[in-house]
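A single chain, nothing else alongside it, follows as structure tokens in the form predicted on its own.
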């Protein structure tokens, strides 16, 4: 979901940025729709090269993340013509394909020699394919993203804290390898005084209104053994969504929230976690990888003061929640040929390399497998390691109807303390079964 300076300032509203080039005889004005964040700002700058080469003029409609899904899904569902190109979230792909919102890209890719095998496999599955596991493509992977962790490396390296942690836990104070180690570290810092200021253990996703707590809790659920369905029987949920292992994972997330988060963090998502980390409130931060360039450049926590690590393993596996998006041509656009020109331009290796350098997270193998990539930024290796363990939320056409009850059930248990983890997941099975029955899938 995001990389130089973070675009989550208070009161940020929807805005339009336009870059105008000299018109040509065949020039058309294209509008690209995405979320309002730093990667979008970087794309505006990158797209100036496309304008110069093509003669087309680019405008950009950017919407803040909390409102992005509602605004753009309404646009698609209404058949609106605002967007010629859409960088839509990974979970939208099923609904956009089934409902005819995006054009299918297979013929175009074949004609232009764009091969999906040239992109990180997880991003092809996550951002482009529908149905999943089939060679039917509705987008080009545009921005690779994944939940990972940031930590105060400068705090971890303090000799007195190293000695105290070693004595208490019998191991070095370092980036945690497991979820239990992560909780130990968070507990160690919770309420501690550092440089005359009380600090806390971890900033984690707890937001209820959009998708926040779901994008957070899955990083524990997956690694304890939660499955969305029976791998042998699609849409069979009982005993998988609410397995004993899944219950333990949900209990872990609540324990982490209860023991180790700052006061007042009951409705936090990306921007709040960023603010808490950059202001020196927390030792650990859960967030999508998009934030890492902004962390590195920050005067308070950048320049070697912070470190990065993948979501730690749990007793049932090692996964991380996928973020990121693909870029699609909107089926209602009257300028589809020009929009396809943009995708052809964007897919070029030299453009993808510039995209990474500008703060965008390229999904092109030629970029991420370059011998110099892992050392190109302090967080580059963590990005690679994290993208190798991704798993995603439902991408079904009924995605929004599946997300709402998960947000509610999880928030009610983890944050409000209502009922038990077993009851929360049993209720989620009930809710999801009703959705799939309404969809005619059960």
Partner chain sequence: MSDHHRSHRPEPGSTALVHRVKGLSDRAIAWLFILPTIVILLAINIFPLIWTIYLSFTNYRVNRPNKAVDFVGLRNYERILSDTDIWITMQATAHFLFWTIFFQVLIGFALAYLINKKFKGNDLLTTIIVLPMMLSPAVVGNFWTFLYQPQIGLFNYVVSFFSGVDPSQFSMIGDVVLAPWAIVIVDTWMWTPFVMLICLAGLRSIPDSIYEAAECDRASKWRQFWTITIPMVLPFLMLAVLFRGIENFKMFDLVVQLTGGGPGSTTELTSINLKREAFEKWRTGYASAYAVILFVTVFGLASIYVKALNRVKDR
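These figures come from a predicted structure and were not determined experimentally. Numbering follows the first chain given and starts at 1.
Omitted from view is the form predicted together with the partner chain, to which the following refers.
Contact here is defined as any heavy atom lying within 4.5 Å of the partner chain in the predicted complex, and by that definition each of 200, 415 and 418 is a contact residue. Of the heavy atoms in residue 397, some are within 4.5 Å of the partner chain in the predicted complex. Residue 267 belongs to the set of residues with a heavy atom inside 4.5 Å of the partner chain in the predicted complex. Although the partner is absent here, residue 307 lies well away from the partner chain in the predicted complex, with no heavy atom inside 4.5 Å. Although the partner is absent from this view, residue 98 contacts the partner chain in the predicted complex, with a non-hydrogen atom inside 4.5 angstroms. Only one of the listed residues (244, 209, 133, 299) places a non-hydrogen atom within 4.5 angstroms of the partner chain in the predicted complex, and that residue is 209. Between the options 380, 27, 46, 404, the residue in contact with the partner chain in the predicted complex by a heavy atom within 4.5 angstroms is 404. Across the options 229-237, 72-80, 139-147, 153-161, residues that bring heavy atoms within 4.5 Å of the partner chain in the predicted complex belong to 72-80. Contacts between 420-442 and the partner chain, taken as any heavy atom within 4.5 Å in the predicted complex, involve 434, 438, 439.
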